[in-house]
Every structure is written in structure tokens, then in C-alpha cells.
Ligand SMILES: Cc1ncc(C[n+]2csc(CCOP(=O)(O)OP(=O)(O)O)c2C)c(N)n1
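For reference, the chain that follows is the form predicted alone, supplied as C-alpha cells.
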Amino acid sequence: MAQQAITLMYERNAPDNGIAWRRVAYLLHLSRILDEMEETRLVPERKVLYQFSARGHDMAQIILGLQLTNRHDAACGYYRSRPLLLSLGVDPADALGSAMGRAGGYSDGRDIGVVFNYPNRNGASALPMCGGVGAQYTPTAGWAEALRYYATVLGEKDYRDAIAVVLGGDGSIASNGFWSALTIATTQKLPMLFYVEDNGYGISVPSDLQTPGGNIAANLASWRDLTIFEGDGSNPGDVARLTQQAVDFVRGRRMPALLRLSVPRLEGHSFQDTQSYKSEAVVKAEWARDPLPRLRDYLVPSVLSADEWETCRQEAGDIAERARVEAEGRGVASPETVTRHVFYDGEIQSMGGQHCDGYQAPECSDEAAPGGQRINMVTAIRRTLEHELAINKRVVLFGEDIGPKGGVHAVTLGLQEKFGKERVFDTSLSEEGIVGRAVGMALAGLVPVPEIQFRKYAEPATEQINDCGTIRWRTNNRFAAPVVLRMPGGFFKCGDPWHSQTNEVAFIHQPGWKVAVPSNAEDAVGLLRTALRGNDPVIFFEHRAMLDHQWARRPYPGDNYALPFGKARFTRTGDAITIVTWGAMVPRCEEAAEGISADVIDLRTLMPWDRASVVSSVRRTRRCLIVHEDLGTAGFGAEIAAVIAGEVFMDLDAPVSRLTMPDIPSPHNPTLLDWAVPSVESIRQKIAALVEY
């Protein structure tokens, strides 16, 4: 697709009749009045603690929002996007109530009011915004990818002209998320509109420090398969024509576009920002571009009379005041409810995942079917993925090298050949993009199964991982993004600081994620199937040393085999000591416990973990050893030890003990690695010391 640059100069001709100008005027007044109400009343009264004015950005956002007419359209904005929300139909009482942290609204008081969401089954939705600048881009790309998937793979006609829109300022275009989403949208030719509101500043940093020359549209003019639209965001005629052209282009061509509008930021970054970094001349020039009086000049008298304009203002004022009264009357949510909706608890979310569309999981059993062929963990994971792909067309797999190569560990070998490039596909080398697009696809109702090639490579996606896990909680169950994130890690024949990290505890500390760490093929099948049919995001950890380990091979337990999370397996039973472990340490603990009467507990999942079984076992054996590959300081073993100390202290005959790697990265040389990772002999010595204590 050849590039196209469109720039329109200010014109004073008749307004375009395709725009609902009276609605624009009303919503612009409403946005201004809400901003003023917060600044002059609610912030001084400390009823609003975070306030971001949209003055200057507002008119253009409203005109954009009124163009989102397909019920599968979605937009994701940032903290200055309330005018867009109003144009999509958000109740002003919800907008103000959320700003005040009151019950109901966007989050029931859990998140700051400018971090919004709007599930809308009958019209365009606002995807759950993130607090991090630039974090909105890749989930929006994922939504756009899901739109194409529904239209082409699933054949759902009403998705064929739906689009995804992401809003961002000139600061956010310097973020990793922007560039990753731009790569995804253009290489995949997705129906996605990048809407850049350039006010010249990222808080106080001028835009020429964000991008060379301060104009991202100019810099992207030669970016392949991206059409550029650019103009004055204060000029009603420019905004109307450019927005219509950009939206129509994305709808009709099913290709990405970027619309950059220069807008004035008429107030500080936030209420506390005095804008001392701007000269008086700059501030005066910005106010001279105020869209509100420009809109009046544009509409009166050609479209509205002066009285009609005033009526719009009065109506907006009345609505705003009623919204304030209603919002202040809502009160604060009961504190005891704040722990709800971290995970799915039986109440289906409004949007996101397959369950809110009526999905019913096939009947499952935690009893393994007899007679299965003995297979390794690689084959077990592949076979489970293959079965779920075959019975559920919403399941999609993607990541680096998982297509023709079949993954660097051969887990996805042959799946693209069987299910096609639309369902099993490679991605660009961006973990931010892999996880972010998965979030957007999950929000759209697909079952994305992204792969991070090695555990250490998840670090660039940390923000998206955190945001994904908190979506259900911070939207008070309005949205959820059930992603199954596959992640190999741990030592293999050797180690190194880049491919051998485990550090599962980092994900356990991310609210909203379940974490599975199977040690063998049978458990891998059962836990992965539960994750794929579940309604929560899951980290599925595949230990490299166990993928083809002889001990980890098991008979295939059947296509209906599924295991509950939070239920450990006793691989040995005894009464002298309890050994708690997981992953690659399970067979070592089993071997070390030979000849000793010991409970060996394979936790299998770390979030949730089977506290009851561990506590019951330790209460009976009166001794406990926790063995894991991760580092000792702040490792998950410390959490287990703390629980045992808190609940079983009076029953203990010996101190709770841990055996872990020292606090070092994984060493490469096998001799150094063998010294660092808990060995059968070191575990045996620990057991003997505790039993003899």
C-alpha cells in the first residue's frame, strides 16, 4: 500500500453535515464544565485527588468518538481521554463518581478516576486503560487482530468493518509499546487507527525530545503500509474531515493509519502542574487556539443559532450538576469488598474471555484414562494444545519461532502445518508486543496462548504482565483477560544468566495471575487443559530440564483430563519429615528421600498453592524441608516457611529449613551449575540433619 500524507489548512466553509454538530457542541460544553467543576470545587474540597484537564484535546476526541459506530469498535486511551468516553455514552455521574473514587463507576473506587474502562455490548467499548504511558498500544493491536480473526477465520460478518483506535500523546510515541504496536499493525495489516494528540509536551518535556523534529507523522511518512493523516486539532473543519477520512480509510481498506492532530494543552499536565516551564507567550498562543470559541465561530449561525448554542451549554451545565449530586451520593464501597475479583469467583465479567460469550467447558475428569502411551512432557504439551485447537476455534498460539520451526523446544512442532498461519503464527521479537497483543485478543473473547521463549525474556513484558493480571480487579469485574502465557525456563544441560532463570516468585507477586509449574507429562496435560478452559490469566511454566526427562515421562492421561489449581500431589508418603518442592526438584527430592519415611509434596501450582495439604502434613511429621531451584532470599520457599511458622509452630520438632540456589544468577559451566543447584546429595544431607535434630 503506497503511503498517503494528507494535510488540511484552516477553512471557513460550511460545516460538514455528516457530523452531529449539536451533539459535539453539547459534549464539548459538558467536558469543559466537568473539568471546571473539578478544578474549582471538587479538588479544593479534596473530593477529587487526581485531576487531569482535557481542555484543548476535547473537541477532537469527541468528533472521533462519534465516528465509532460499529458495536465491535473499541478505543483505548489515556488519562486525558474523558471527552472520548462521554462521546461513547458514558454516564457523566460515572465519570465524576470515578474521579471521586466512589462506589460504582469504572472501578468501584479501586483505581484513579482517569484510568477508565467502558464495556459496551451495544456500541463501541473503551478498553481498560493502563496507568503506564504507552501501555495502551499493544492491547489495542491485539483487539484489531481479533477483529480480523473473527471476520476471516470465524466468518462473523458484523466484524468486517469494525476497527480499533488507540489514543496517545506526543510523549507516548517514544515508548516501547508504541513501536511494538506499530510493527504489529503494519506487518499484519490490521484495522487500527493510531490517534496522536500532540500538544507539544510530555508533562514538561518538549516533543522534540520525544521524536526528532517533534513530529511523529513526518518521521513516519515513509513507514511501509501506514497511511498518515495530519492537521490542526483546534480547527473543527480539519478535525471533522480528517477524522472521517482516517476512520473511513481504516474501515474500508482494513489497513492501519496514523492521525496526528496538533492540539493545545490549555491547563497543566495535572491540577498540581503550574506550567512554569512555559513562557507567557507560549501560554497565550495556546489559549488563542482554544477549540471551544473556534467551534462556536464555526457553527454559529450556519448550523446553530446563538440561542441554540447557549441552550447546549445550559443543558450540559444541568447534566453536570445532576451528575455531581448523584456521584457524591454514591458513597464509598465497603472496604471488605476490595479483595473480591482478583480471580474469577463465579461472577462472569461483562467483557473479555470466552466465558462471557456463553462458553461451556467440555466435561473433564481428574482421573487419568488408562492405557495411554507413555510420552515426554514436550509431547504432552503439544498434544494438549493440538486437542484444544481442534475443539475450540477461539484458541490461537503465537510467539517467536513457534511456526515452521515449532519452537526452540519443539513444543509447537507441526501445529502451524495442521491449523494454519492464522491460528499458529510467529511474531516480531518484542515480548511487550507478544503479551500486549494477547491481552487485547483476550479482551475481545479469544483464547490467546502466547509463548515467551525463555523465562528471562519476559522482563520487557513486565508492564503488560502486571496490567493483564490486575484487569479484573481494577475494573471491578467489568473486564478480564484470560491469557495462557507459556514460558520455558530453568537449567538444562548447562546454565547461564539469560536462559536458565526460574524466578517464579515474581509472577506469584503479580496479583491476578495463576501460576502452574508441572514436573511431569501427566500434570502438564491436566494443568494446561484447565488453564485453556479457565477464566483467569495463567503463567504456565515449562521446565527445560523436564521436557524430555526420563522421570517426567508418563502415560497420556486422555483428552478430558484436567487438574484443579491449588491441589498438590503427594509423590511419597511417610511420617518422619515433609519435603515441599516443585518443578525439576521433584525427582531429586524423591531420590534423596529413598529409605526415609517422608511426605514428598509436589505443589504443581504456586498460585494458588495447597496450603492445607502442606500444613496438615507438617503438623503430622513435625519437620519440614522446602527445596526449590530459585534463589533463597525472598524465594517462594520463604512464603511457605512463614505460613508453616505461623500455623504449625507449636507442633514443630525442628526449625523449618530451606534448600535453594544461592543468591546468584545461574552459572554456565556444568560443574559450577551442579554446585549451585540443589543436588540429590545436598537434599539428602538436609533431610538427615532435620530428622536427627
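Sequential numbering from 1, following the sequence displayed. On a predicted model such as this, the values are computed, not experimentally measured, just so you know.
Here the subject shifts to the form predicted in complex with the ligand, a form of this protein not shown in this document.
- Contact between G169 and the ligand in the predicted bound form is found at the 4.5 Å heavy atom cutoff.
- Interface residue remark: R80 is counted as part of the site for the ligand in the predicted bound form, having a heavy atom within 4.5 Å.
- Although the partner is absent here, R148 is not a contact residue: none of its heavy atoms lies within 4.5 angstroms of the ligand in the predicted bound form.
- Contact annotation: P511 falls outside 4.5 Å of the ligand in the predicted bound form, judged by heavy atom distances.
- Comparing 355-363, 496-504, 89-97, 128-136 against the ligand in the predicted bound form, the single stretch with non-hydrogen atoms within 4.5 angstroms of it is 128-136.
- Interface residue among H269, H409, R478, R254, judged by heavy atoms within 4.5 Å of the ligand in the predicted bound form: H269.
- When you look in the predicted bound form, the only residue of A368, V300, I203, V342 with a non-hydrogen atom within 4.5 Å of the ligand is I203.
- Shown without its partner, the chain has no residue in segment 533-570 with a non-hydrogen atom within 4.5 angstroms of the ligand in the predicted bound form.
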